[in-house]
Each structure stands twice: as C-alpha cells, then as structure tokens.
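Take a look at this single chain in structure tokens; it is the form predicted alone.
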C-alpha cells in the first residue's frame, strides 16, 4: 500500500452495491478522511441512495459525515428508474439495514461540494462513482471549482472495453452524457477508472465468504449484498463473482493500489443521439509508442493495475480501522437462491 497522509475526501455516489463497497473502503482507509457525501440518481434514485448511505454510515459507526441529496434527473431528460436487476429494488441487494435516525442536510449535493471545496481549498479530493450531474451543477455554481479541488477520480467510461449499458457506453457516463462532457472539459486534471480495468479485477465467492465470516455488521451486510450482485454477473462471467467498479476507483483515489498503465490522453464524451451516445472517446493512438505526451491532455485513463486488487480490498475492509459498532442484526435474502435465480 502506498502510504500517504490523510486527506479530506468528498464522495458523490448512487449508492448501489459497489458504491457501498467504495464507501466502506473510504471509511476504512487510514489516509482518507471522508468529509461529505452527495447522492445522484443512477443505480437508484438520489433520495434512495441517500437513505442507503445514511443507514450504511450508521452501521459502520460514522454518523457524523454530512449526506446531501443531489440531482434526481440528468441535465437532459429524466431519471430512467435505476438498475434493480443489478442492485435490487432497494439498491443494496435487498439487504435490510437498520434505519438511521439521521436525515440529509438541507444543502444540495452540489452546494455541499462547493462549500467543502472552499473549506478545504486546495486539499479536497473528490471521488465520483455515479452519473456526473451533481458535479456539472457544482461547476455552474462555482466556476472557480477546478482551482479549489486537489484531485478528481471518476469511475466511468470505457476506453477499449465494451460498454455495459450500450455496446460502447458505460452506465455512469451514459446516464448523463452532457454532465460528463462538462466535467471532463473543465480546467482540471482527472483520473478516469473505466471498465477496461474494473471488469478485469474480480471479486470471487471466496472473498464474499470472507466478508460474511468477519465479525462486523458492515462486513456481513456487504457480503449479503454481494450475493445479489454475483447473481447478475453470472451472465457476464459464467460464474458467481463480480466486477469491482466503484471500490477500485476509491482505492486508486487514495493511493491504496498501484496502477501499471495509465496514459494521460484526450477524452471526449459523445453527446449525440446516435448509437455512440455516452461513449468516452479516448485517444489511445499512442499505444504502440508507449503513450507519448499529448499536448493539452488532462485525463489519466487507468488501463491496468500493477497488483491484484481483491486481496487489498479484503484486507482493508477486514482491518481494525472501523470504529467499534454495536452488534446489529442484518436481514438478507437467501443469497444462494438469489445467485441461482440470476437476480
């Protein structure tokens, strides 16, 4: 693990199953201080994602972190209902969490981000693991936002890999291409963690069982959620396992995992209404020359890792970095049945 001093982080998410893993990772990482969370419609509605986030924070013993509800609809069009076939109707694999008595803050997610960016000017790091609507709105609220943010990491897009919502488009980008185009065109350096690397780093059933066996309600809840998630990925991989989209982006953002190939290239988002809508067009023509510098390029696209991610993820989630939390019962669906039924 690459040691770094603790830095303030803002997480923007659409709290489904892999978002929950990313949240748990950021809470456990010793070099990250999570100071705010915004939610956006994607895997589930922004309001539903906020409820999941509040309940997860209570389960993990971190009830002091402000959570703000963000955009329900994308910049263009309307929210299309989420992905219950992937994440369950409640967004977290039908796992039932104890309900937090906390409510969201009165600010919108964009307003919370702008306030924290000013509070931690030059220090705040932002991890984006849902559609980018809130960030586009924050840029409109505060045009100087790029000067205030230290670093931005986005889980989204596909450079050479196929898309997961269309043949070429990844879900976070495709759910709001206009917002993604604005964010990637802004005057800041961005790290993009696309399907090329998240689909090639897989969590297996043995890893899920390790979480279920961990004596902490958060780990057990995550293990329960993954049973549902694995059921979806059976049709992708031919076995019960899952990609690790959002937690991988979180780990790269905090420097917990080393990347191998991550060229800085020009990236544009297709905002047309044709079959390419939502595609991240990454200029990888320098591949055969070892990716020479592209003048004016601002986007680091992670294509491969220097080490396996699953062991690091499990080690972090099972660490003693979580504070003590009262034992709480967590009810789940029969996960074995869920996997067999492909839910």
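Positions refer to the first chain, counted from 1. Predicted model only: the values in this text are computed from it and were never measured.
Here the subject shifts to the form predicted together with a small molecule, a form of this protein not shown in this document.
Pick from 136, 195, 211, 149: which has a non-hydrogen atom within 4.5 Å of the small molecule in the model of the complex?
By the 4.5 Å heavy-atom cutoff, the listed residue in contact is 195.
Since exactly one of 164, 271, 100, 200 fits, which has a heavy atom within 4.5 Å of the small molecule in the model of the complex?
After the contact test, the surviving option is 164.
Pick the stretch from 111 to 119, 176 to 184, 213 to 221, 240 to 248 whose residues have a heavy atom within 4.5 Å of the small molecule in the model of the complex.
Comparing against the small molecule in the model of the complex, the contact stretch is 240 to 248.
Indicate whether the small molecule has at least one heavy atom within 4.5 Å of a heavy atom of residue 129 in the model of the complex.
Heavy-atom contact with the small molecule at 4.5 Å: present for residue 129.
Find out whether any non-hydrogen atom of residue 159 is located within 4.5 angstroms of the small molecule in the model of the complex, and reply yes or no.
It does not: once the small molecule is placed as it appears in the model of the complex, residue 159 has no heavy atom within 4.5 Å of it.
Please run the contact check for residue 43 against the small molecule in the model of the complex: heavy atoms, 4.5 angstroms, yes or no?
Looking in the model of the complex, residue contacts with the small molecule include residue 43, since a heavy atom lies within 4.5 Å.
Given that the small molecule is not shown alongside this chain, does residue 95 nevertheless sit within 4.5 Å of it in the model of the complex, heavy atom to heavy atom?
Taking the distances in the model of the complex, the answer for residue 95 is no, it never comes within 4.5 Å of the small molecule.
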